[in-house]
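Starting off, we have a lone chain in the form predicted alone, written out as structure tokens.
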């Protein structure tokens, strides 16, 4: 699906949103201003490629912390599914439920797959002010790894030093 939402493009302020992080607990993007954020949209909990991808990020949390970056996963699965999945994988970062209305945030970011009913495998790196500085949509069957994310976070650091 071609993205026509300029607000989800590099150089634009990321669309704000609030999503459930757990039953009865919400997470709001604008409440995390002041530090880089990495938004990882993924198709589904418990799928093989998603599991590999999110496990890599979990193993690299110290690298994300080195850049003071906050990492969150987003899929259309519900909070109870996220809880079970997170516990089974021992994930140490929040998973947000873009469940109801289904895919609302993924649509705002231009990464919802209407024909499939889930989101693309997409990554957005936001600077401390909430501006999208890097965006990548991977083929659905391919784990994009972490190199691009870490390079984007390093670029934020270099740019901040020069500013």
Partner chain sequence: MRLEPPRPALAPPLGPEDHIYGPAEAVVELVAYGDYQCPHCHTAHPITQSLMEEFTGQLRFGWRHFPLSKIHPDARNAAMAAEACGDKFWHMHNLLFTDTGKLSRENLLQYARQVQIDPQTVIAAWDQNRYGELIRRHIASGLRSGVNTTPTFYINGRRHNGGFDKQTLTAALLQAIAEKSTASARQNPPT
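What you see is a predicted model, and the numbers here were worked out from it, not measured in a lab. Residue numbers count along the first chain shown, from 1.
Beyond what is shown, the protein has a form predicted together with its partner chain; the following relates to that form.
So, residue 154 and its partner chain: in the predicted bound form, are they within 4.5 Å at any heavy atom pair? It does: once its partner chain is placed as it appears in the predicted bound form, residue 154 has a heavy atom within 4.5 Å of it.
Any of the heavy atoms of residue 145 lying within 4.5 Å of its partner chain in the predicted bound form? Looking in the predicted bound form, residue contacts with its partner chain include residue 145, since a heavy atom lies within 4.5 Å.
May I ask you to check whether residue 89 falls inside a 4.5 Å heavy atom distance of its partner chain in the predicted bound form? Output for residue 89 is yes: heavy atoms within 4.5 Å of its partner chain.
Any non-hydrogen atom of residue 100 within 4.5 angstroms of its partner chain in the predicted bound form: Judged by the heavy-atom cut-off of 4.5 Å, residue 100 is well away from its partner chain in the predicted bound form.
Please identify, from 101 to 109, 125 to 133, 47 to 55, 31 to 39, the stretch that has a heavy atom within 4.5 Å of its partner chain in the predicted bound form. Partner-contacting stretch among the options: 47 to 55.
Check for me: heavy atom within 4.5 Å of its partner chain in the predicted bound form, for each of 16, 22 and 81, yes or no. No, the whole trio is out of contact, none within 4.5 Å by any heavy atom.
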